[in-house]
Each structure stands twice: as C-alpha cells, then as structure tokens.
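Before any questions on binding or motion, here is one chain by itself as structure tokens, the form predicted alone.
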C-alpha cells in the first residue's frame, strides 16, 4: 500500500473534524473521539494518543465498534488545550452528529481472501468525501475485500465488497478437486473431472481461483459490489445491492453521488436507507451509478426490495 498513515491527519481534516466531543454521564465530562480511518495507527501515533489521554483524560482509551479510539474523562474547560495538543501531534478529532464517519475496512489488503487493496480504496474514499458537511443524519461507509464481509459493509449507508468471478481453462485442470474443497457454499462441484460452478450459489468470493494450484481457475474479472441503505440501531436495514463489479474509480465516484443525493433528498434525522424507502431504491441507484455502464447495474427485483425493508 503506497500511503503513509501520517497523511491521514491533514490540516483540512483537522479543521473539519473539531467537533468530536461526546458527552458522557458524568457532569461536564466528555469523550474525545479520534479520527482513525481504517483503524490504522502507527506506533508513534499510539504513543501520542497515550500522552494525550494522560494529559487531558483519565489515562485510558476506549476502542469503538468502528475501529476508532475515544479518550474519556475530558473536562469542558480542557477542550482548547486538548485540541491544540492533538493538532500538534497530527491527530484529528472525528466527525460526530449528522456528518460522515471515518471509513472502515477489513484487513483485505493483507488477508489471503482479499480481492483488492481495501486500505487504499477506503483511504481514497475518506480523502475524497469525508468533510465537515452537515448531512440529514450520520453517514457511514465500509469496505470489505471479499464476500465474507468481515467489516459488515452491508450495515453501512454505503458499502463495498470485493468480488472475483472465476473462469476455467479446462485444458489446464488436473482434476485435483482442491477448488471444490475451498468452496464454502458448495457452489462448485467436480463433474466429469472438471469443476462446475452453480451461478445461483456462487458469491464471487474468489477462493476457488486462489486455491487452484495450476491456475486452471483464474479471475475472469474482479471489482466491487455496491450496497446502499444499510444501518444498525433502534431500527435495522441490510443494504441493497445496487451495482456489481464496479472499478475502484467508479466506487469512489458513487460515494460522492450518493452523498449528494442524500443531502438533496434526505430529511433531517433520516438515514439514507429511510430516504431510499420513501423515494424508492431505484432513485438512489440512478444517482449512484450515473455514468457507470448499464451492464454493472443490478436489477432491483420485488424480492430484493422486500428484503430491504427495515426491522427491529
């Protein structure tokens, strides 16, 4: 990955995110939420966070569900000193309230199952779209490198899953059956000495191509599936798949177009998924995939729309 985690903390980000103070139960006491894209911190940054926690908090930190860090025990009168200390160390406060959150990602960059460099894509998305803009509600983006979805991108307002479609070279196959053993969903079986894939069961995880010892199975194409409208809380929704096999450039662009559509169409305190239910998911798909080839648009069936409805 050709990025330096120190670059995460730019002056623009510092200016934009100085609202990350979260009220706690104790009077006049807050937790400072730090901006940690993809949950990556250098050892030096960890030492800086420890020093700030000792100086301005209770000398401890909380790890959040979105791979972030909070420093508890900050008193109101200490806000200016805390912010000055963080800025001097190149660490930013995160967005809270109706703003975009830090982009999360699985470890697909280093995980053997990953189909793309998720750290680099998540960082590109965060750089391009995580700003101080006030939105109708919170706005979360998550990236996963494969269909295992370890970072749960389908529960984010916008989520991406790295996918890989296998292609067989029958002449190279040695009938070892390793590909069938690697398939977790029984979507691939050996028939007459060759792997046969059931397209209704295959989720394009790409494990069969990675397992093949002679490269008889190889990726025909790789890309990103786009999900939108996911959320978790008092009411829940699993994001609807709107696009398939997007390029990384198309994925970064889709986040910006969805965010703009949400700003234009969303009501105050309405999450993206609720806006999609009110106006219809096709309206969001039209905005998200503007300029993307039609062959990458997922058909939105009645069954998919029924599954998209919220639940408690």
Partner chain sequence: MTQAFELDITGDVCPMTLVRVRMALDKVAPGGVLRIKMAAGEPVASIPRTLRDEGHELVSLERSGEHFEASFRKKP
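Residue numbers count along the first chain shown, from 1. These numbers come from a predicted model, not from an experiment.
Another form exists, predicted together with its partner chain; not displayed. Remarks below refer to it.
In the predicted complex, its partner chain lies within 4.5 Å of some heavy atom of residue 181. Contact between residue 215 and its partner chain in the predicted complex is found at the 4.5 Å heavy atom cutoff. Using a 4.5 Å cutoff between non-hydrogen atoms, residue 210 counts as a contact of its partner chain in the predicted complex.
Looking at residue 176, you'd find a heavy atom of it within 4.5 angstroms of its partner chain in the predicted complex.
Partner contacts here mean any heavy atom within 4.5 Å of its partner chain in the predicted complex, and among 181 to 189, 218 to 226, 235 to 243, 141 to 149 they occur only in 181 to 189. Out of the listed residues 199, 170, 112, 193, 112 is the one that sits within 4.5 Å of its partner chain in the predicted complex by at least one heavy atom.
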